[in-house]
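First comes one chain, alone, set out as C-alpha cells in the form predicted alone.
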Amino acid sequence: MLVILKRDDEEISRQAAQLIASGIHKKPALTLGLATGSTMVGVYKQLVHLHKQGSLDFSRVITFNLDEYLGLAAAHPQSFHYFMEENLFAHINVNPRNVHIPDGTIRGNYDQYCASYEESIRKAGGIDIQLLGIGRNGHIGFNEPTSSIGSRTRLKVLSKETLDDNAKFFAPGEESPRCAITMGIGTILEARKIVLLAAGAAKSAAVAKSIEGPITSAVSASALQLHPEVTFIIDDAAAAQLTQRDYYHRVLEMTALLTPDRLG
C-alpha cells in the first residue's frame, strides 16, 4: 500500500489524474472503474483538461461505475449517471457503448441484473484501475459496515449515517434513496490497481482505520490492505489521525527513486 500525502484537494486531483492518464497512455483500451462524490469533481476536471489539450484519448477506454441509487432515473440531478455526464462524459471522446453505470430504475430480479453487471466486467477483461472515495464510516462504493469482504455487485440497504450525509443533496421534502446497487468488496479487490482519494477532517478517522487499523467488516475500506497495488492519495486533514506519516513520506521518496512508474 502506497500512501501519498498532499496539501489539499487540488493536489489530490492532479496526482490522481496523472495516475489515470499514465495508465491510459500505457494501455489505450484501459478498463477504468469510476466513482462519484465531491472529491472526484476535481479529478474529472483535470482529465477533461488533459483531453482538451489533446494529450489524452478516451476513445478506446471502457468505464464501469461503482454504484447507483435505486429508484433514480439517469436524468435525475442526483443520480450518478447525471453526475458522470456533467463532470466527465459530456466533455471527452469516450464511446457511449463503453460506458457502464448500474441502472437505478430496474425492478425485480436484482440478483440477475447484478450478475449481468459482473459478467460485463469479466467480458471487458477486468478493471485495470479502480478509483474510490471513502465514506465517513469507512465504506467504499456503497459497501456499508458489515459488508462481506467477498461480496459481489448487489442491492445494498444504506446506513443511517449515509442517508444523513446524502439528505443535503436532495430538495426539501424529497426523500433520499434508501438503497443502491453497488459493486461488492470482492469485485473491487479484483481490480489490478486501486486508487482511493480522501480530503477533509471528516474522513480522517475512516482513513486511519482503513490504512492502519485491523481488517474488519466494520470498515469496508480496511479490506484494501489485502490488495497488492493500492494507492491512497489524501490531504493533510484526512491524514490527521495516521500515526506513521513520517514513514509514509520516506516510502514515497524511495518509491519516486526506485519505481517512479507507480507515481504516474
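Since the structure is predicted, the reported quantities are computational estimates derived from the model, not experimental observations. Each residue number is its position in the shown sequence, starting from 1.
Just so you know, the form predicted in complex with a small molecule exists too; it's not on screen, but the next bit is about it.
K.L.:
Given the stretches 34-42, 226-234, 208-216, 47-55, which is the single one in contact with the small molecule in the model of the complex, using a heavy atom cutoff of 4.5 Å?
P.N.:
In the other structure, the partner sits against 34-42.
K.L.:
Contact with the small molecule in the model of the complex for V195, defined as at least one heavy atom pair within 4.5 Å: yes or no?
P.N.:
No.
K.L.:
Can any non-hydrogen atom of F80 be found within 4.5 angstroms of the small molecule in the model of the complex?
P.N.:
Within the cut-off, so yes.
K.L.:
May I ask you to state whether G133 is within 4.5 Å of the small molecule in the model of the complex, using heavy atom distances?
P.N.:
G133: yes, in contact with the small molecule in the model of the complex.
K.L.:
Is R154 close to the small molecule in the model of the complex, meaning a heavy atom pair under 4.5 Å apart or at it?
P.N.:
Outside the cut-off, so no.
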